[in-house]
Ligand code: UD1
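Single chain ahead, by itself, as structure tokens, in the form predicted on its own.
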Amino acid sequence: MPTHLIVLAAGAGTRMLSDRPKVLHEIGGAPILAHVLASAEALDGERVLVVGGDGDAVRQEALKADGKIRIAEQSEQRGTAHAVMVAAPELDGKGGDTLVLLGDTPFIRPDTISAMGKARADGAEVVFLGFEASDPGRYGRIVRDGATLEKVVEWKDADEATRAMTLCNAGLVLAETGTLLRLAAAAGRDNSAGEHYLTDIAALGRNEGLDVRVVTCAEEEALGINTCADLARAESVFQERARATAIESGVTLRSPDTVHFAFDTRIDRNVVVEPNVVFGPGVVIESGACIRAFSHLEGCRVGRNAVVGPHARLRPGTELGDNARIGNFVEVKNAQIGEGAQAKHLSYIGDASIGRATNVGAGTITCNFDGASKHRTEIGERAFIGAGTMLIAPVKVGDEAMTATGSVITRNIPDGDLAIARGKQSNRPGFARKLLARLRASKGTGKVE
């Protein structure tokens, strides 16, 4: 495995028609750069350097992934070889091998990097990664003689014969650190873009008599993202991979093509996921759970044998205990739902804790926001919250306590107590017809229906 890793993350992505740096556009709910850095982490390099040219946003994302990452700022973007030289002060004299990764190429597999490492171990002094493209488009073309890579020609500088080639450059390079830096420093600007291309080191190395080789990967792995169309395709590739991984891990997907995963979704085996479920970032589902159709989950943990949905929403901070039940049209946010507790119909539970085996009736709302601050509702074990209860936080409901249907609870309820908090009903005979007639007449209809 390489000793050092350089991730080239500069470039604002103007072809994406966006003010956001290209590498911060998201796949599976996480920035493209996060996917690349996850691959880099799996390689366990001694030193990871991110070369960025888009200010604090890229820096912050990189450090969020790993606080030990070193950042090099490419303030003037003059090509990929120049970007490598920006990282040179961190690598000069450090020895070992260095792998260059592209910050907009998120799907490279560890096995592919291992194949590049094997080529190095077998005697190659510079190793490029290539792929056979079904539609080569504007990718750089690899010109080789057998296993020997002669040169890499960027599309802008290629003649028609070279453009007709289908072996394309994926952008990754592996070499001994000193060799990489020396060749990158020698890369000129004699090209149509006037940039220092890292691809030039192939021809420079061959001119020195170095052994320069190409290792190939599947086209899907080499997908680079330069446009919104590329981003959409990448999302599709990511989802297909995530679904396949889930199924191989023992997860039952009732309609795989309708389930959407996030970058960090964790689902244990023996989980069933019904159609049209969306997993946002930060979701953990434990064994035996069932996520029913049309549910949306993010930032939450679902315990063993729990059931969510259909048509449920779990928001960040939600934790469901084992055997808990969250039913249709129930929204839960920043709440802990105890073992065997249930809220099965048309409720909002926010900033709350609900104890073991408690039942929350239909139409219950924890009124957690007073217009300025959020407040918590605490409900004990084996409690019964009657349908249509409004719990005005902060408030506590004790173990085995009960609220009467339609109550507005403003004070704590001790263990075992029943709280009834609703006005006494009075009926006024015939008043409804008179009132409606008066209201409709005031609008000029004169009708009593």
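From 1 onward, residues are counted along the sequence shown. What you see is a predicted model, and the numbers here were worked out from it, not measured in a lab.
Not pictured, yet referred to below: the form predicted together with the ligand.
Remark: residue 162 does not count among the residues lining the ligand in the predicted complex, judged by a heavy atom distance of 4.5 Å or less. Residue contact with the ligand in the predicted complex: residue 106 places no heavy atom within 4.5 Å of it. Using a 4.5 Å cutoff between non-hydrogen atoms, residue 378 does not count as a contact of the ligand in the predicted complex. Although the partner is absent here, residue 280 is not a contact residue: none of its heavy atoms lies within 4.5 angstroms of the ligand in the predicted complex.
Contact with the ligand in the predicted complex holds for none of 3, 39 and 127, as no heavy atom of theirs lies within 4.5 Å.
Exactly one of the stretches 263-271, 77-85, 358-366, 246-254 approaches the ligand in the predicted complex with heavy atoms within 4.5 Å, and it is 77-85.
Contact with the ligand in the predicted complex, judged by any heavy atom within 4.5 Å, is made by just one of 224, 327, 350, 321: 224. Taking a 4.5 Å heavy atom cutoff to the ligand in the predicted complex, the contact residue among 298, 331, 97, 154 is 154. Contacts of stretch 156-177 with the ligand in the predicted complex, defined by any heavy atom lying within 4.5 Å, are made by 169, 170, 171, listed in sequence order.
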